[in-house]
Structures are given as C-alpha cells and as structure tokens.
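One protein chain, two forms: both are listed below as structure tokens, the first as structure 1 and the second as structure 2.
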Structure 1
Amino acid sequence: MVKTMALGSEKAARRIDIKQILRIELRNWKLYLCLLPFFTIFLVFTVLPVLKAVRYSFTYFNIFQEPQWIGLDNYKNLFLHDDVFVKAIANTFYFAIITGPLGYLISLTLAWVINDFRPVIRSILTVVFYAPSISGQLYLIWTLMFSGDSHGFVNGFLIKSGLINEAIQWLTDPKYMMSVIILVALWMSLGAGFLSFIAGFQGIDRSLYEAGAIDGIKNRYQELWFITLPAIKPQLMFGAVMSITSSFATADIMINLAGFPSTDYAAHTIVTHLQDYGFIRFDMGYACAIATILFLLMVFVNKWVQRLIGKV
C-alpha cells in the first residue's frame, strides 16, 4: 500500500514538472519563433539529405533511373571487393592520426603564445597564421616548391647542397607523396579552431590567475594546466571537432597536389573515393554508402574525443 502511494506521488510530481516545463516553454515561444528559420534550414539542407543518403546507400542509383533496392550489396562490395576503398581507409586514418592531433596542438600552442602580445601585434599574427587556411590558391606555391624537376625549389636546394644527385618526384612518387601532403595540411591547419582558442584565451577572467598565484601556482605552465585549459573547455571541444572533421574529410589538398587519382592511390582517401563514384561514375548509391560509413566513423571519433576532453 505504501509503495503504491509512493509511486502515485512520484507520477503526480512528474506530471506537475511536465506542466511547469510546458508553461515555461510556452512563455518563450518568441525565442523559438526566432530559431525557426535556422531550424528549418538545418532540417531541409542537413538532416533530410543525411537521411536520404542513408536510404540511397541501400540502392543502385545512377541519377538517370529510379533507385533500385539492393540491400547490403553496396556495403559488401566496399569491404569485400573494393581494394581501393580499403586503401583509402588506411590512408585516411594515417593522415588523420598525424594531422588531427598535431594540427590541434599547433593551433593551441600558437594561440597560447601570441595571446600575451599587444592587441595590434596579436591581430596581425592571427591574420598571418589564419590566412593559409582560407587561401585555396596557395596550392600553386607548394606545387612549385615540390616540383619533380630540378627547377623545383626543394629539389634545386638539395641538388646544390649535394644531398641528392637527381630530382625527386615529390608529388608522384608514393614514397614521398603523403609526407608532402601532411606537411602542407599542417601548414593550413590553423583554421576555425585556432580562432576559437584565441577567443577563449581572451575571455578568461584575469582574477583566476591572481587567485592561482595565491594558491601556489608558480609558472606559466602550471597556469596553463590548472587554470587556462579548464577555463576554455568549450573552445577545446570545438577545436577538436573541427580538427577531426577537417582531417577525416580531406580531399582538395590531395587532388590539387597529387592529382586525381594519385599514383598507385597513395593519396586516395575516403572522400576522394566518394567523389570518384559520385561525380565521375555517377553511382550515387555506392557513393552514399561511402558517405554513410564516413559519417558513422566521424560520429564515433567525435564521441571518443568528447569523452577524452571531458576528463581533462
């Protein structure tokens, strides 16, 4: 009898809480009205395309004909018969494991270093470091630097220095191709995450450092670990998500430097494989299967990184 009364009181309390929540939400209907345009755009151009891509991944769809349901055939072909896709996965992980963490640490370190400069100098340095991430035509500079003949800047310097006797094919030899691409990717990695770190450092309450000095913090490194990093956790999370997204979804840098397709598919990634089947072969069902795998992979890695940063 007592248990029944207790359960009844709990249900009644939940009903009251739900009613209170509904009343509060109804009072804020104007705010939801303001969010409606963004929510509509997000639903139409993000959520629905993702759902349709997942649906098309179970079909044969070549744009010119109606999609034909084939079940798991696309996924079976990807993992059992598509050797290039398996190589693309290996290349993507190799690229992401190096450029993701390194690009993240470089962005965080540079933002921390220039944070103590005067505002004018800090603004100039921010523009200088951020500019490569938004300048698409800078691939031409790296192509000239790593040109495969003796006129390339790197080959010319190495030949004059006596380190090599003949020009190295940096962008066509599979032994060197990925290393050059990783170097360029790290140079261009100071993007939105870098800006978020700078904004986070500027928003820290200076009284925290004064309190830390009283509590026994003696140097900048202790300040960084015990005060700065905990204070910018949202920016750390945003930077990690952006770093993961950029490292796993890289394609332009491979295409511009190594060509499409690259020699022996040495610089072939999941996204370039998707572009191959989606925009060249027009096998949209197969391309949607690749996109679905990439989406699930990025969600899994993002969840893992969120847990990791949450423990800091």
Structure 2
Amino acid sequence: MVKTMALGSEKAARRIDIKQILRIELRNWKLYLCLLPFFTIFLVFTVLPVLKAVRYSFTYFNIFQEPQWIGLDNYKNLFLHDDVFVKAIANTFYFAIITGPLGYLISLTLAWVINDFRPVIRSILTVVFYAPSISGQLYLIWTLMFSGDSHGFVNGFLIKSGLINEAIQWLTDPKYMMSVIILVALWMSLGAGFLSFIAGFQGIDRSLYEAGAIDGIKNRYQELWFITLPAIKPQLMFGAVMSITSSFATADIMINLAGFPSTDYAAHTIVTHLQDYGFIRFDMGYACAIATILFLLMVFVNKWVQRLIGKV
C-alpha cells in the first residue's frame, strides 16, 4: 500500500516535471520557430529519406506498383547471388582504404608544409592545391592525358622515353583502370578538410611552442607530434569525416573516366551499383538495400576512425 502510494506520487512528480519542461520549452517557441525552416527541409530531404530507404530495402518496389514486403530477400540476393555487388564492395574498400588515409595524409602534410611559407606564397599554394576539388567536371583533362592511343599525353611521353613500346589502354584495361582513378581521386582530395587543416595550423598559439622548448622538445618532429597535432585535434576529426565520406561516395570519377559500366566491372563501386539498380533498372527496393548498407558502412567507419583519432 505504502509502496504503491510512493510510486503514484513519483509518477505524479514526473508528470509535473514533463508539464514544467513543456511550459519552459513553450516559452522558447520563438527559438523553435527560427529553427523550423532549416529543420523542416533537413528532415524532409535528409533524415526521413534515410528511414525510407531502410523501409523500402525490405520490399520489392518497381515504382509503378505499390511496394511489396519481401523481408530480407534483397539483402540475401545482394550478398549471396549478386557477384557484381561483391565485386563492387571489394572495389569500394580497395579505393577507400587507399584514397581515404592517403588523401588525408597528403592534405595534412601539404597544409603543414605551406604553413611555413610567407602569407602571399601560402595563399597562392592554397589556391593551386585546392583548385582541383572545386573545378567541377574536369575529367576531360584526365581522359585526354590517359587516352589509350599514342596521342594520349602519358602514353606519348612513356613511348618517347622508351619505357613502353605500345600504347597502354589506361581507362579500358581492368589492370590499370583503378590505379588511374585513384590517382585522379588523390589529385582532387584536397577539399574542405585541407582548408580546415590550414586554418588549424594558423590558429595554434605560438606560446605553446615556447613552453614546449622549455619542457625539452628537441626537434620539429617532436614538436609536430606532441604540440601541433594535439592542438588541431578537432580539425583532424573534421578532416577525417570529410575524407571518409567522400572516399566511400566517389562515383563520378569512375563513371567519367572508366565508363558506366566499366570493363569487367573493374571500376564498379557500391554507389555505381546503386545507380544502376535505382535509376536504370528501377528496382528501388534493391537499390535501397544498397543505400542502407552504404549508410551503415559510412557511419560505422566514421565513428570508428573518430574513436581512433580520439585516442591519439
């Protein structure tokens, strides 16, 4: 009896609590009104689509008929019967494992190196390094450079210098395709993360280095490891998010350089597979299963790498 009364009053107390919270938050209605436009659009075009993709991934859906619930069939087919998807996963990982960390390190190193230059030179170098990532559809340059005949710049150069005897089919031979794509991806990898590093290096408090010198820091590498990197840790996190997300999402480079589909699917990735099923075959359920896997993969890798950087 006593116990139930106590429970009852506890419940009442909690109800009052909720009412009180609501009352306080209602006083903030103007704040919520200001957030409304952004979060409505964000909800409709970014958050809900993820949930919808998860839901459709359990259906057969060809957009002309209502979706039909088929449980885990899409996932079973993806992993057990779709050899191209297995190849796409392998390609995506191969590409991401190389371009993600390497692009990240190149951004960090170049940002660190140009930090020591005079402001004018630093600005010029920043533009030169950053330009590839903002120039849009510049794939034509690369298709010309790696053109498969002897007029291609790279072939011409290699033949002339006697390194090869006949033209290499850079963009149609599965042996070379991915390497060229990785090269182009690295060239384009100096994006928002790179700018963040530059800003991070510039913002480090100089007195930290003086304090470090007193504490016995001997050379530049110790300085980098014990002072500089810890000081820009938040920027390192941001850069990691940028480079992981883009390394798993790259598809434009593959499609523009190697064609769609590429020879033997040698440049086929999770994203090109998704586009194939979503916008060519209109098998929306299947494509949404691919999207769900892509989503989980990206978020999981991001969280994991953040924990890793957090420990350093």
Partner chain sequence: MALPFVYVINNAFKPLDELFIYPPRLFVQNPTLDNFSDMFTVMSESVITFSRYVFNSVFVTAVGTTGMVLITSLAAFVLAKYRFRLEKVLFNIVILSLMFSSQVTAIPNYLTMRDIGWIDSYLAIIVPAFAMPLNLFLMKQFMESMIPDTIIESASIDGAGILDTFFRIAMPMVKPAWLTAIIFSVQNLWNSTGGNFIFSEQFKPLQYALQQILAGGIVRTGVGSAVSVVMMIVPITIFILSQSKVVETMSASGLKE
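Quick caveat: nothing in here was measured; it's all calculated off a predicted structure. Here the rigid core means the biggest group of C-alpha atoms that line up within 1.5 Å when the two forms are laid on top of each other. Please note that residue numbering is based on structure 1, beginning with 1 at the start of its sequence.
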*Structure 1 or 2: which one is the form predicted alone?*
1
_Would residue 260 count as moving between structures 1 and 2, using a Cα shift of 2 angstroms or more after superposing the core as the test?_
no
*After fitting the rigid core, is the C-alpha of residue 48 off by 2 Å or more between structures 1 and 2?*
no
*Rigid core fitted, is the C-alpha displacement of residue 39 between structures 1 and 2 2 Å or more?*
yes
